[in-house]
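The chain below stands alone, shown as structure tokens; this is the form predicted alone.
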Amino acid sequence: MKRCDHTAAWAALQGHFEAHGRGFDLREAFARDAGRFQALSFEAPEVFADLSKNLLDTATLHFLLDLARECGLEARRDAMLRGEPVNTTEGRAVLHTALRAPEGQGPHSAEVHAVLNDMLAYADSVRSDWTLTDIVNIGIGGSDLGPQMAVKALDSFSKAGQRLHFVSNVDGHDLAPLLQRLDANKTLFIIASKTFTTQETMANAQAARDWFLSHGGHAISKHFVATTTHVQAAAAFGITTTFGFWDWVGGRYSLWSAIGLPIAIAIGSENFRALLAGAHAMDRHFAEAPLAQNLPVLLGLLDVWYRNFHGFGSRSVAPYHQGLARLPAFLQQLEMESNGKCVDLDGNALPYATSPVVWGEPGTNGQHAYFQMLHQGTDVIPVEFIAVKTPAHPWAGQHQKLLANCLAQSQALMLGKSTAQAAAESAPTASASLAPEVLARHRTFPGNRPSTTFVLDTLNPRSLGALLALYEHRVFTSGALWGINSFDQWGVELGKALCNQLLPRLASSASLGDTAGLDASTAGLLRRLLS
């Protein structure tokens, strides 16, 4: 596997960028090529993608595909899918794809499906238990973001009469307001922690147990369940029902595992299997489609093109479906925890940028918040629009307005508005304090700002599974070209260690003044908080 900047294709791409990429104009590209949309639109399972409003053409794709081949992307992909330890810093395989393979296919199939079948049977029993009105998932990171996002996205498939809640923050202001609304003996708590030691999760779990016992709760073993590999620790807590998973399941890739229990409770076992089936269909596309038609690969290559050649530092995700409101937060962890690295697989410092900042809000909310910057700000920020053809609600007029806004925003980003156009459209008014030519400049849009649009026929378990797997494999692709390990997360460890050192100093006011060994800022803040 070659690092991208050590290839002949990288040098060729640099030449192509200087000659054609730096001054690329989308408006001219569409004017020159009547078939641009057809040439740069791609089908994958459950997902249609229009890449034609991006700053590239088929020649650019040719150079990028050469880079993927010279970097050995296909060999690294195949090694991951076979279960080789591609997570080299932890000596682990990376096999979230095995979690959604049909029974009898893929590595570890027997143990995967044994846990899956048990977990889904339990989920269906909870769904049929009329005495349980509220299910509270207590987890953080991948044990929260994925399940919370999916439950919200698939709300139209949930059972009436049962409410799903998610608590993640160690801040008691997350848990306390929720507990005030619950009946202890009608609530099920899911404690989601791979090791059953995650500080934030266990603090919330202990608080929930204390509340349960003090509010007339009976039988912890009935009202608490764990998704963990540490059965003994769960038993010591009082939990007898546990569902495990494996060290080859990374936290941000774990919603397909027992961590997906709240999803299964929300939508039922049949729909959970459809979620897995959609992801598996995208897995097969990633594994088998030629690189030139492989949508996750093309998106990962586009990310490298924008990050390392155009210098774009962030990407905004704008799902035009309220169900996908938590998708940007999920993608933040998926991409930035995976590819926010500064050394390559051999520990060498990287001379180029890696993960962009990923952020966003659902449309049309984002239009009335940050889209001003997207259209007229000094930074060029690629945008990803996600449109769903058929809604799950009966209000056709509202859905038409939503889709019209989605299409209009990507069109406006590309076309812009010249100063001359703005001047022609801006009639002088008595209230204007600026000269007409100055006012026109305020109303000028530079345009030529790139975007991608994904279209799903409907948002259902299968299409959501495919969409999420698409993003997973895209992140793998860019990480592989950058030559980094996309599957560890050492960046979260230092803060945890320092937190554990500071906790005793905050435990009581008796620690006031115990600032030995601290930097001046931390010491000063500690005194301020304890005074």
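Just so it is clear, the model here is predicted, and its values are computed rather than measured. Residue numbers here begin at 1 and follow the sequence given.
One more form of this protein exists, namely the form predicted together with 6-O-phosphono-beta-D-fructofuranose; it is left out here, but the text below deals with it.
Asker: All three of 366, 375 and 451 touching 6-O-phosphono-beta-D-fructofuranose in the model of the complex at 4.5 Å, heavy atom to heavy atom?
Answerer: No, the whole trio is out of contact, none within 4.5 Å by any heavy atom.
Asker: Can you say which of 189-197, 123-131, 392-400, 340-348 gets within 4.5 Å of 6-O-phosphono-beta-D-fructofuranose in the model of the complex, counting heavy atoms only?
Answerer: Comparing against 6-O-phosphono-beta-D-fructofuranose in the model of the complex, the contact stretch is 189-197.
Asker: Which one of 410, 333, 269, 316 is close to 6-O-phosphono-beta-D-fructofuranose in the model of the complex, taking close to mean a heavy atom within 4.5 Å?
Answerer: None of the other options qualify; the answer is 333.
Asker: Looking at 143, 204, 354, 257, which has any heavy atom no more than 4.5 Å from 6-O-phosphono-beta-D-fructofuranose in the model of the complex?
Answerer: Filtering the options by heavy-atom distance leaves 143.
Asker: Taking 4.5 angstroms as the cut-off for heavy atoms, does residue 147 touch 6-O-phosphono-beta-D-fructofuranose in the model of the complex?
Answerer: Residue 147 lies outside the contact set for 6-O-phosphono-beta-D-fructofuranose.
Asker: Within 4.5 Å, heavy atoms only: does residue 32 come near 6-O-phosphono-beta-D-fructofuranose in the model of the complex?
Answerer: No, residue 32 sits far enough from 6-O-phosphono-beta-D-fructofuranose in the model of the complex that none of its heavy atoms falls within 4.5 Å.
Asker: Quick one: does residue 382 come within 4.5 Å of 6-O-phosphono-beta-D-fructofuranose in the model of the complex, counting heavy atoms only?
Answerer: Answer no; every heavy atom of residue 382 is more than 4.5 Å from 6-O-phosphono-beta-D-fructofuranose in the model of the complex.
Asker: Spell out, yes or no, whether the shortest heavy atom distance between residue 492 and 6-O-phosphono-beta-D-fructofuranose in the model of the complex is within 4.5 Å.
Answerer: It does: once 6-O-phosphono-beta-D-fructofuranose is placed as it appears in the model of the complex, residue 492 has a heavy atom within 4.5 Å of it.
Asker: Determine the residues of 299-318 with a heavy atom within 4.5 Å of 6-O-phosphono-beta-D-fructofuranose in the model of the complex and present them in sequence order; the list may be empty.
Answerer: Heavy-atom contacts within 4.5 Å come from no residue here.
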